[in-house]
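Just one chain is shown here, as C-alpha cells, and it is the form predicted on its own.
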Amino acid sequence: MVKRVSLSDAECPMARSLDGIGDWWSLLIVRDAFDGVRRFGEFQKSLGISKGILARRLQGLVALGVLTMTSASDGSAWQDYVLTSKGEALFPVIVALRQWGEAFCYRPGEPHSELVDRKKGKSLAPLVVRDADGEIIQMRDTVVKKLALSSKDY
C-alpha cells in the first residue's frame, strides 16, 4: 500500500486545500452539511459510509475547523456537526463541482438532483471567475506566480 504524503506544508494553496478536504468522503460530508445533515447517523445513512471511515472524516473536518461539534439542537445527549464559517466558505467549491458534474457527467436529458435558489426555486447561474476589478477571466488569462526558491531549497 502506498503511504499518503502530507501536503500541509506545500507552497501551493490548492495542494494544502486538498490535503485537508480533498478526499471524496470529506467533500460529500460537507455537501450533506450544507443540506442540513447534522448527526453521525444521518451522515452514515445519506452516504452509505462505514462508521469507521465516517468517524475519521468527521474528526478530520472538526480538527481542520470546517465543522464543529455542538450539543444537539433537540436537547438530547447527541452531538451535532455544524459547519463553521470556514466550512461555509466551501460553498462555492461545492457549487463549482456540482455544476461541472452537471455539465460533463450526465448524458443530455439524464435526470439528476438540482441545486436551486430557496426563495425563487430557480437554478443557479454558472459560476464565473472574476479578476480584482470584477471582469470575467478565463484560464488563459491567468498565471501562477510561484515563490522564488531560496538556496536552502536546492
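In this text, all values refer to a predicted model and were calculated from it rather than measured experimentally. We number the residues from 1 along the sequence you see.
Below: the form predicted in complex with a further copy of the same chain, not depicted.
*Asks:* Would A125 count as touching a further copy of the same chain in the model of the complex under a 4.5 Å heavy atom rule?
*Replies:* Yes, A125 lies within 4.5 Å of a further copy of the same chain in the model of the complex.
*Asks:* Find out whether any non-hydrogen atom of L58 is located within 4.5 angstroms of a further copy of the same chain in the model of the complex, and reply yes or no.
*Replies:* Although a further copy of the same chain is absent here, L58 would stay clear of it in the model of the complex, with no heavy atoms inside 4.5 Å.
*Asks:* Taking a further copy of the same chain as it sits in the model of the complex, is G52 near enough to touch it, meaning that at least one heavy atom pair lies within 4.5 angstroms?
*Replies:* Contact with a further copy of the same chain, no.
*Asks:* How about K86 - does it come within 4.5 Å of a further copy of the same chain in the model of the complex, if we only consider non-hydrogen atoms?
*Replies:* So K86 counts as contacting a further copy of the same chain.
*Asks:* Taking only heavy atoms into account, state which residues of 22-39 are within 4.5 Å of a further copy of the same chain in the model of the complex, ordered by sequence.
*Replies:* Result: G22, D23, W24, W25, L27, L28, R31, F34, D35.
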